[in-house]
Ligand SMILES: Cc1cc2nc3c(=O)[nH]c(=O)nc-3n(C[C@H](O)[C@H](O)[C@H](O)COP(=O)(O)O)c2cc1C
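For reference, the chain that follows is the form predicted on its own, supplied as structure tokens.
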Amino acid sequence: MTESKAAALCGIDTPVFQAGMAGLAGPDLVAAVSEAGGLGHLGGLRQPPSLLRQWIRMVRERTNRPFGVNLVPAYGGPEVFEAQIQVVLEEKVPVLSLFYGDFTALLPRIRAAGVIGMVQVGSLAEARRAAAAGAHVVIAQGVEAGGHIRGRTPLCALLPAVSAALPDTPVLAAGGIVDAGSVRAARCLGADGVWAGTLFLATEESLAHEIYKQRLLRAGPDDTEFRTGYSFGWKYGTPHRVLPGRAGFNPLRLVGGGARRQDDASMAEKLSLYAGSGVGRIGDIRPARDRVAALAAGFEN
């Protein structure tokens, strides 16, 4: 197995990191990924602080392995975000990953609390700013990624630039990571580890609606769309990548989102669902441990 600074920092066996995916990455998925040797992340966006605390404790009931929480300040305002941060610090979560914001003031605080801080970025400038502020790990997100996207640069251009600019900071690759081949390609471009979301939606443990999962399996390599319109709960114009909903007189097809188990089936059918460009290479629903093993194979020398 290739040595990884990020894996060593987080105390995990293999540098496979499961993305937060708000509302879709719950305790079962996170614990399964961490038990398999990777690092699971709870999706904290839109989760009330009390529920986030409950989820953290549920993960600890399922595993004693390291795990993380993923937070985004774009929903609920600064008061909610601060309350979520307080929960993470009070519960002594090992890793906190952050997305879609300037975390210059927050990162020193995270470091002081003994938490590993990770920041997902979409540009070289943003990567440099995060590292200078104290991020332990930077996640380089290419435009191929599913869900909300920070930049417009393909991973094959962004990743080597960030890796070269930050020789002392571990850099993870995000966007289209679904198999050992994509892991090996990311390694060639300078990745110290990988960050995968869509692949982990297609697992037995994810909180995605069953119709969502089946739509992922039916999707081909050309089926995702990059958009800058409506996405559920986000400011209009925020870039995101989705599988388009059904055509015709269906307003939901204009909205990007993620359908959860408890959501109405018609929403899962009609909504434009978050998915990355690697979705065409996902052929079945598997336990999360199998997904970790498949990506970990890409790190074998």
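Nothing here was measured: the structure is a model prediction, and the numbers come from that model. So that there is no doubt, residue numbering starts at 1 and follows the sequence shown.
We do not show the form predicted together with this ligand, though everything after this point is about it.
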### Task
Let me know the one among 243, 45, 52, 31 whose heavy atoms come within 4.5 Å of this ligand in the model of the complex, would you?
45
### Query
From the list 176, 122, 117, 170, which entry has a heavy atom within 4.5 Å of this ligand in the model of the complex?
176
### Message
Considering non-hydrogen atoms and a 4.5 Å limit, does this ligand approach residue 10 in the model of the complex?
### Response
no
### Query
Does residue 196 reach this ligand in the model of the complex, with heavy atoms at most 4.5 Å apart?
yes
### Contact test in the model of the complex: residue 276 vs this ligand, heavy atoms, 4.5 Å
yes
### Message
Is residue 144 near this ligand? Define near as a heavy atom within 4.5 Å, in the model of the complex.
### Response
yes
### Query
Okay, which stretch from 125-133, 162-170, 69-77, 88-96 lines this ligand in the model of the complex, with non-hydrogen atoms inside 4.5 Å?
69-77
### Task
Any residue of 11-35 with a heavy atom within 4.5 Å of this ligand in the model of the complex counts; write them all down in order.
19, 20, 21, 22, 24
